[in-house]
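Only one chain comes next, encoded as structure tokens, the form predicted on its own.
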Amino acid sequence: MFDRLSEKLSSFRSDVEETAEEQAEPVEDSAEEETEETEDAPADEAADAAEDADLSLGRRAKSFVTGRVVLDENDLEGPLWDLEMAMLESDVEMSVAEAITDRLEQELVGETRTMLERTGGVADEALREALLEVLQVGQFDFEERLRTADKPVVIVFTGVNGVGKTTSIAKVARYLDHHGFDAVMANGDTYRAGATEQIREHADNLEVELISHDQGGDPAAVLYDGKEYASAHDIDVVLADTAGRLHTSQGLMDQLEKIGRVVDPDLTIFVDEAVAGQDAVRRAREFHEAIPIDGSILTKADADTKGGAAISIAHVTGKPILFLGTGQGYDDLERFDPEDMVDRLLGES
């Protein structure tokens, strides 16, 4: 999972170390020798060159005497540029790549280390903090939110067709069962032929009650009935499916707004494929602007070598990634943990 991005992040650490070691290597030549090289240059250029030489020698002499070096912009310019390009190639959204590199520059420029301390270790820690800052946006304790909320908790799932939304609902039902919550499913996808049969198969497999109406019915009415059923039977959570839609599908977006008015969902979760990369990031942003979401589920994360969507979606929406789909089975749903994700990206787990 995310192997390609992990490789690129690892190369940043080695690039910073290599560049910094070249820049910070102590030099024993005298200032007089470097000044001689500038004697034939025009006076202004010679003065500037001499000043640069003095600064360079001063820095290296101080490093030699004190055993300490300071990273500066020149040490980081090349590695940071390479890292930003590598992230863009891995489908990390541009504003996210810039946020990470800006944070790295802030953390590393002026960073003092001993001559015996590997610069890669300093870069490691800065990279970890930069990634966590992006991935931890909006994180909350999902189980605690359900535990403390008034029952039933209504969770509406939305996204485009074909990204695994209905299967994700089934996986969340299994996850909730394992964590002591019972659930009912409600099929608000009343437009697509076969939608009821698809979700009913999951409900039967999981022995979960399904509330549905005939095809073409009012999705808000179905979900309202699901909420009423859950209230009458002391069921904790209503898992509400909706028709796949684009943010530009005004009729379907109006249906989501109606669902919001009629059912007043506690959480709205956006579902998309991790392997969709920049497309998933763009859709997440557009959905959130049209109908605010509370978090996301990324399916097919096990097949995603790039990792750009996982890095970007929380940052562009300001809402957390809640789960990763990692296979076809009902148990193949992983609670998203930013620290664990960073460990994976940095090759530490």
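The structure displayed is predicted, hence computed values, not measured ones. In case it trips you up, residue 1 is the first one in the sequence shown, and so on.
One more form of this protein, predicted in complex with a small molecule, exists but is not displayed; see below.
Practice task
Sort through 140 to 148, 83 to 91, 211 to 219, 158 to 166 and report the only stretch with a non-hydrogen atom within 4.5 Å of the small molecule in the predicted complex.
Solution key: Of the stretches listed, the one contacting the partner is 158 to 166.
Practice task
Report yes if all three of 79, 101 and 105 come within 4.5 Å of the small molecule in the predicted complex by some heavy atom, otherwise no.
Solution key: No: no residue has a heavy atom within 4.5 Å of the partner.
Exercise for the section: May I ask you to state whether residue 312 is within 4.5 Å of the small molecule in the predicted complex, using heavy atom distances? Expected result: Looking in the predicted complex, residue contacts with the small molecule do not include residue 312, since no heavy atom lies within 4.5 Å.
Exercise for the section: Classify residue 278 as contacting or not contacting the small molecule in the predicted complex by the rule of any non-hydrogen atom within 4.5 angstroms, answering yes or no. Expected result: Taking the distances in the predicted complex, the answer for residue 278 is no, it never comes within 4.5 Å of the small molecule.
Exercise for the section: Would you check, heavy atoms only and a 4.5 Å threshold, whether residue 288 touches the small molecule in the predicted complex? Expected result: The answer is no: residue 288 has no heavy atom within 4.5 Å of the small molecule.
Problem - Partner proximity in the predicted complex: residue 294 to the small molecule, non-hydrogen atom cutoff 4.5 Å - result: Result no; residue 294 lies far from the small molecule in the predicted complex.
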